[in-house]
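Considered here are two forms of the same protein chain, supplied as C-alpha cells in two stand-alone entries, structure 1 and structure 2.
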Structure 1
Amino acid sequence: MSKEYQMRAAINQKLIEMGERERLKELLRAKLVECGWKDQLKAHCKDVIREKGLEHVTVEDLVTEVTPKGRALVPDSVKKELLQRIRAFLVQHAAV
C-alpha cells in the first residue's frame, strides 16, 4: 500500500467517524441543487435517452455517458468550498 493511499484511507475514516463526511455530502447536494447542476444533468440524461432510444440505453450506459459531463459541470466555487471545509476539518483534527 502506498503512503498516499494510507493517508487517504485514514482521512476518509476520520471523516466517517466524526460524521463530517455525511455533512459534506449534504452540503454538496444542497449546493448542486442551488446552482442548477441537478437540473442540467437531468436534462442531459433525457437528451442521451432521446438520442439513443429508451430501449437501447442501460443504466450503465447512461452513467458512463453522463459522469464526465456531471463532473465538469460542478462549479469551481462548490469544489473550493468543499476543499476548504475538508482542510479546516483536517487542521482541527490533525491527529490523523
Structure 2
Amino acid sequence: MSKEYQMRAAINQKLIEMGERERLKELLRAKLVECGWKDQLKAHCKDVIREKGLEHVTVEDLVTEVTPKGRALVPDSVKKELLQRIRAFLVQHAAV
C-alpha cells in the first residue's frame, strides 16, 4: 500500500515538476469553456445564488452544490482526450 502511495506521490511530483500538470489543467479549462460547460455551470450557480439569497452565499454552498454537477456535465470527448494525454505521460515517465 505505501509503495503504491509512494509511487503515486512520485508520479504526481513528476507531473508537477515537468509542468505537465499545468498544461493539462489549462487544456482542460480551455476545452470546458469551448464546449459551454462553464456557462452551463454558471447558470446553475445563478440559480443556487438566487435560491440562497445574494447576501448569504458562501463558498462552501457553491462548492457543494456545483461540483458534483460539474463533474457530471463534462462531455465525453473532453474526458477521453484528457485521459489519453495522462496515459501518454504515465507510459512515458512512470516506471510502472
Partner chain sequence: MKMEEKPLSGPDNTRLEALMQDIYSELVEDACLGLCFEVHRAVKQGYFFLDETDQDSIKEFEIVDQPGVDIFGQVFNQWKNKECECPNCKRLIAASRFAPHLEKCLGMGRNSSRIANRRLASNNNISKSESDQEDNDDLNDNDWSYGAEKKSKKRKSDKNQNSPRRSKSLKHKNGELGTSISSDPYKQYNYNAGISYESLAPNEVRSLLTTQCGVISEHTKKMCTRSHRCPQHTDDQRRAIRLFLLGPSVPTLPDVDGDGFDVPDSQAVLSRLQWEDSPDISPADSASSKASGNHSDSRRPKKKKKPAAVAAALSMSGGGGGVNLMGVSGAVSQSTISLSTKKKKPKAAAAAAPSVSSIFNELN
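This one's a predicted model, so the numbers in the text were calculated from it and none came from an experiment. Each form is matched to the other, and the largest set of C-alpha atoms that superpose within 1.5 Å is called the rigid core. Residues are numbered by position in structure 1's sequence, first residue being 1.
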Quick one, which of these two is the form predicted together with the partner chain?
2
By how many angstrom does Met7 shift at its CA between structure 1 and structure 2 when the core is held fixed?
2.9
